Every structure is written in structure tokens, then in C-alpha cells.
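Here's a solo chain for you in C-alpha cells, the form predicted on its own.
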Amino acid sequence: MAIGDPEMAAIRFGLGLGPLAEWDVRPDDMLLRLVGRDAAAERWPIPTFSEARPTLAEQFQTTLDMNAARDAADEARIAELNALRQTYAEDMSTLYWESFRNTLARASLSRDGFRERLVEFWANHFTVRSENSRTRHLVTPFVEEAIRPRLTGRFADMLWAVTIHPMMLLYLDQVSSIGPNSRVGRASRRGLNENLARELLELHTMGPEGPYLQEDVRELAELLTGLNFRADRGFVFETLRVEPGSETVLGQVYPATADLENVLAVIMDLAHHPATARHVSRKLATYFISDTPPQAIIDQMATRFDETGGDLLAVYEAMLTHPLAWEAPRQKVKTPFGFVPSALRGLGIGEAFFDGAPRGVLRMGFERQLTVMGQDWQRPVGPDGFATLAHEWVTPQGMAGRINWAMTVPQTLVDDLPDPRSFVDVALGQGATEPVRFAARAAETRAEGIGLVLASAAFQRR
């Protein structure tokens, strides 16, 4: 397969083929679009965390006001605040569903499929999950704020943005981590929470194979103790919570100054560590190319990472310009959120559908179906995110969910389904096998034929 093959570009590095898709022909085309205008975000906007409403501060203040009203037995004020809470609940639900719709629309319609795939990769790499109704509407705004604008910048900048973000501090319980010997720790008898420190090392930077020990995890956790989030103030660094004394992480001593500069220094050191370059490069290559990517690709990416100080655009270029990245067999399996948008692209679903898609269709036709396929949207089981290896998606329940969606949902979305015999080429291109062509020809109805093509192994693979 030649470098820049249009079909491989669309399938392996993008979101699939389709009558409305404009294929990226060469690696530099994909990179140029990536550094250019983010047209999909402009067309299908999602507010950033800072812009999203209601904010955590607004919800916090309402709780305080309600407590005061109850203490004063002020029934009129209680009724007013209950009405406000109901408004907040409706606004949160609306934002959640608008974010889901617009994320799905971007993946299904964007000319810049590589960008959307990278957003999915980094959002999964830096997983956060809402643990309660107060933050359910804020996961996508976190991605929009901390990740999407930094896709082509330095890895260190993205790492810093997600590490101090309120959603990460809340999800990994950093808000409960206090230096045991700090002023607050001695008064409250509360101690460290190592979650953020451990995930920084094991997931976000060096990987589980990295050269760190449990002692490094603890020392890093002590260094991070000042990081906190207050609903009424946002991110804060609280010196009274910082564990006193110097800390040593990976042999580097960070002085006992109890300030944010220490935290920034250790984050930068982790971001630029050679083990981080290898881990991030391997993970990107595994996500896009193969469960066992050629070592030569990883080496080229990691070298560019080291040479450029973690310039992500240079790392992507190193991946896209390596011949083996295009020659590897199509063995990766699309995630459910990769499968569904690629099906919509193949069917030629246009903007009008998303503009008018009611919440019930989004819920029953997509969100719940994704859960059945094994990808509960924005709710991975743990901080390591959703599965990245092919075999983890090929499960009886997951594949049954894909087949059921393929056989039942497309006919509810398109009034006049395409002829399955021509749809094979639109959806699969040169990847269409004779068994799939035969199934498309032999189908008794168009709906059955379309379903068989979408449910085929050829369509599931990148």
C-alpha cells in the first residue's frame, strides 16, 4: 500500500469512506487540515468547561442558598431555589445531549477525520468520568477546553492543562489529597491520595513499563498535594495542604518551596522523559495502525518526540510518513464510536439529520446502542479508558449489538436506502470481499443488504 493511499487514509487515519467524504490523499494534506481552521467545531459547537452552564460554582451556591433557606424556614425562597435547580437540571441535560449530538455530527461529517480521531485518542488517554449528576454535562466541555485546542502543540502543554483541570482533580480524587504533615493534614488527620500521581506515571506519561517505583509515586503524590479545586473559585494551589520538605521523583530533587513551580517542573520533566516519548508513540501507533505496531514506526515517532521536545505535530508526521504505517494489514477493530460514525458516513447522512435529530432518536438509536456494543459514552470503567486492542471489542455481546444496529437502525434514518450492490463499494472501497458482495447481491431487501455490509468483518476493521 502506497504512502497516502486515499482509501487507507480515510479508513485507517480517518473515519471511513462515504459519498460525502473528501478523502485525504497525502499525509501532508491531513497535517495541513489539522493545523488549519477547525471547521467541524465551528459548525457543531460545544462550549468549553469555562463556558458551560450551569457551572459547579452556580450549583454550589444554590446548595448553600437552599441550606440557608431551610434553616430560616423560608418556604418562598425554598420554592424559588427548587425551581432554579429544576432549570439547572434541564440545562445540564440539554448540554449533555447537544454535546453528544455534535460530537457524533463532527465524526460523521467532518472533512478532517484525522482531527476527530486524535480527539478521541487523547480524550481516552486522559480519561475523566463524571461520578455524579453535577458533572455529567461537563466531560465533553473538558475535552473541548483542555485537549482539542492542543492537538498540534507540545505534549507538555496538554499534560499540564489536563493535570490541573477541575475534571481531572475531581475524577482522580486529588481534592482529597493532603500532605499528612502539612498544617491542614495535622489539623484534619487526613492524608495522601495517590491516584493522580500514579496515573500520571502509569497512564499519562511513562507507561506501566516506565522506570519508576512505588516510592516515586508517593513522592510525586506529596509534590502534588497543593493542587485543589474549589467550586466557588475553580483551580487553586493551596500551600497549607502541601507536604513539607523536598521530594525526589526519578532521582530529581524538587526543593521544599511549597509552590506551583515545583509541580510545573515535575510535570515538564515527566513530559520530556524518554520513557514518555516511547509510551506515547507506542500508544498512538497501536491506536491507529496495529495492536502490534512495527518497532521501526515507534522508534521514528519517539525520536521525533525527543528531538522536538514533544511537538505532537512532528510525532504525527513521523507516523504518517513511515511506509509501514500504510502497509500493515487492516486488523484494528473500530470502537463502537468509530463504527457508528463510519456507518453514517457510508450512508451519506447529512447535516439536516443532525440539525433536527430529537433527543429520543439520539438516546435510543445511538447512545444506548453504543452501551450495548460495549462503549458507554464517556463512562469507561477506569482511568485507563476504553479498550484499544482489537480482541477486546470482538465479544459476543458487543458484536451482537453492532449487528442489531446495522440491521435495524439505518432504515430508520434514511427514507431511500442505497442499493446494497453499489453501497459495498461506497462503504468498503477496495476492501470489499467477494463474500460481502455476494451477501449484498443476495439480500432480499435493501435494509437487509445494507445491514449485512455494515455488520461485515471487512467494515469493522481499519
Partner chain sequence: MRRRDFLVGCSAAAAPFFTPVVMAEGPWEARIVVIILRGAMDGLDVVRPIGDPDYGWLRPTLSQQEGEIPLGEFWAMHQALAPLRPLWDRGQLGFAHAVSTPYRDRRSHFDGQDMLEAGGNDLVGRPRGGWLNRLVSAVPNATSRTAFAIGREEMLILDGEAPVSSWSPEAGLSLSPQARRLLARVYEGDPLFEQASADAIAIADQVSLGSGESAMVEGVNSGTEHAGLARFAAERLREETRIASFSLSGWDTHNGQSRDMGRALGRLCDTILTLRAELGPLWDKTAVMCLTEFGRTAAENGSRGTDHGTGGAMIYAGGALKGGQVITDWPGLSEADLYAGRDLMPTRDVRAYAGWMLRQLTGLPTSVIESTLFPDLDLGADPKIVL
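Predicted, not measured: the structure shown is a model, and the values here were computed from it. Positions refer to the first chain, counted from 1.
If you look for the form predicted in complex with the partner chain, you will not find it shown, but the lines that follow are about it.
Can you work out whether the partner chain is within 4.5 angstroms of a heavy atom in all three of 198, 372 and 394 in the predicted bound form? Heavy-atom distance to the partner chain in the predicted bound form: all three under 4.5 Å.
Only one of 356, 208, 329, 245 has a non-hydrogen atom within 4.5 angstroms of the partner chain in the predicted bound form; which is it? After the contact test, the surviving option is 208.
Looking at 313, 265, 390, 184, which is the one with a non-hydrogen atom within 4.5 Å of the partner chain in the predicted bound form? Partner contact (heavy atom, 4.5 Å) among the options: 390.
The partner chain contact at residue 399 in the predicted bound form, heavy atom, 4.5 Å: Yes, residue 399 sits close enough to the partner chain in the predicted bound form that at least one of its heavy atoms falls within 4.5 Å.
Can you work out whether residue 86 and the partner chain are in contact in the predicted bound form, taking contact to mean some heavy atom pair no more than 4.5 Å apart? Heavy-atom contact with the partner chain at 4.5 Å: absent for residue 86.
Any chance residue 20 has a heavy atom within 4.5 Å of the partner chain in the predicted bound form? It does not: once the partner chain is placed as it appears in the predicted bound form, residue 20 has no heavy atom within 4.5 Å of it.
Does the partner chain come within 4.5 Å of any heavy atom of residue 193 in the predicted bound form? Output for residue 193 is yes: heavy atoms within 4.5 Å of the partner chain.
Could you tell me which of 417-425, 431-439, 64-72, 45-53 sits within 4.5 Å of the partner chain in the predicted bound form, going by non-hydrogen atoms? Stretch 431-439 is the one.
Is any part of 305-333 within 4.5 angstroms of the partner chain in the predicted bound form by a non-hydrogen atom, and which residues would that be? Read in sequence order, the lone residue that approaches the partner chain (within 4.5 Å, in the predicted bound form) is 333.
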